[in-house]
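Next up is one chain by itself, shown in structure tokens, the form predicted alone.
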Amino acid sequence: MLVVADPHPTTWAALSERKDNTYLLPICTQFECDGSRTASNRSVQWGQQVVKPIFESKNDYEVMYLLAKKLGFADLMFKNIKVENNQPLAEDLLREINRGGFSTGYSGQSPERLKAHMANQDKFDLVSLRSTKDAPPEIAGDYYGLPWPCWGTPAIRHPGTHQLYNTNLHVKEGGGTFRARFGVERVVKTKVMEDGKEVEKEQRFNLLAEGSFSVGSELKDGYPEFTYGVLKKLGWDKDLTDPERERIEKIGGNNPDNVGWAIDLSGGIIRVALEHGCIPFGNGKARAAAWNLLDPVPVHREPIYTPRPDLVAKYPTYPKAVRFRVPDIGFDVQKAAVDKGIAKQFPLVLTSGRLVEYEGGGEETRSNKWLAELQQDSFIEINPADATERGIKDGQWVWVTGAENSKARVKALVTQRVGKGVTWMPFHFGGWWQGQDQRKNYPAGTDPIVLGESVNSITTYGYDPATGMQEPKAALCQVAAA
């Protein structure tokens, strides 16, 4: 089953010839619903509905509610959220995030605080993001948009964090330290030979900060993540209110001392830590050696499909393994590519990137007639030397074939912006597949003005084992006149 839920039909909506089990749900844009939006600088803004949803489109909230209702658990999922005419209240949705977002720092940005920011946008400095001296009380001291992380309940009025890990500010003013994420100590066991015998040696390394702390901290050194037990050892548990203490002890059951700041739904542990000038997630050292990653210190590894197969023996990719339940067969793919001489068959490096005219997959921006006019064809940039060798002229149609034998029909842009042996394609196009125009497969009237080949149809296998992120930015290809 394939469900595409989007304001504009994506490439996936047009690729399938199936008549059954393919669904297209028209979803509203952000301008057709209320709610919070997080910007790339970590600030959060409250958006108000500009226009009513068009046609039969619905917003994400309503679709999620109707799905939960159909599956029989809407009453539980939305028990803290007001729902009218199948429409969950956007403010209540954010409050639900606030209640469950202590560990992620999305707990302080209530709808009321965000709305106050939107109503007083002229009262924030454009560079520092801090509210100005003449700001009204409801935003005084805040950074615009309460940038993540914004600790604790909205009631304690944490201002948000403009700069991460800034020890030059008090934690109640947006300061912070490196998180003590990996415990207080690392134990490394090694085996060595002593007097002809193999002996196990143990080394211990302090993972907490040494001599580094944020301004105003009552702890003048490193410290672990805060728990109820840590508060007790410091004598700070007396600063908890009775309701906070009751909530912590209820969560902890027989072992309340283990209740940490991240699961304390009262927010009390966070509040008390901040009052004493400490960040709730602890004060640890930055890691230069990430020992739990495959490469604790980054080393060079050749791409799965490399233009330099002679380097693979010295710089191979990661060994074959199953990671997060997904087989990583990159080692086998890389070896096969070397054995088959793929680099000779596909001698050009294919890279991809963005254009000014379009955004993302391009479905929305290629449906805009003013933007569509500016870039009407998908294309590949190729160096004049490579183009001459292949008899390719600027502006003509070419076939780009990927190392796994998928192909795309695009126009050639002969330019010195790319070096010899390197090509470049934008990733904003879709609606063609292996040279075939798929416009007929779009629902009537929903097809973008401009269609073209998707570069991701000719990129190849490979992903980062630490994050599970695929490799769509670089591969090998061959280009020939169409």
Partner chain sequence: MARMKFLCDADRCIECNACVTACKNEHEVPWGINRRRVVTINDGQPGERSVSMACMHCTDAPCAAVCPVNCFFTTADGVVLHSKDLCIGCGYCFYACPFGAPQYPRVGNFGSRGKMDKCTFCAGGPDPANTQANFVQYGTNRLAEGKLPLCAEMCSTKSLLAGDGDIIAKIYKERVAKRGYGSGAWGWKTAYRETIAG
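Residue numbers count along the first chain shown, from 1. Keep in mind that what you see is a predicted model, and the values were worked out from it rather than measured.
Quick note: we don't show the form predicted together with its partner chain, though the next part is all about it.
K.L.:
Against its partner chain in the predicted complex, would residue 357 count as a contact residue? Criterion: heavy atoms within 4.5 Å.
P.N.:
Yes - in the predicted complex, heavy atoms of residue 357 and its partner chain come within 4.5 Å of each other.
K.L.:
I'd like to know whether residue 416 contacts its partner chain in the predicted complex, with contact meaning heavy atoms within 4.5 angstroms.
P.N.:
The answer is yes: residue 416 has a heavy atom within 4.5 Å of its partner chain.
K.L.:
Might residue 371 be said to contact its partner chain in the predicted complex, defining contact as any heavy atom within 4.5 Å?
P.N.:
Because a heavy atom of residue 371 falls inside 4.5 Å of its partner chain in the predicted complex, the answer is yes.
K.L.:
Considering non-hydrogen atoms and a 4.5 Å limit, does its partner chain approach residue 396 in the predicted complex?
P.N.:
Close contact is absent here: in the predicted complex, residue 396 is far from its partner chain, nothing within 4.5 Å, heavy atoms only.
K.L.:
Of 68, 39, 449, 422, which residue is found within 4.5 angstroms of its partner chain in the predicted complex when only non-hydrogen atoms are counted?
P.N.:
Residue within 4.5 Å of the partner: 449.
K.L.:
Tell me, which of 376, 258, 212, 406 has a heavy atom within 4.5 angstroms of its partner chain in the predicted complex?
P.N.:
It is 376.
K.L.:
Pick from 236-244, 363-371, 128-136, 306-314: which stretch has a heavy atom within 4.5 Å of its partner chain in the predicted complex?
P.N.:
Among the candidates, contact is made by 363-371.
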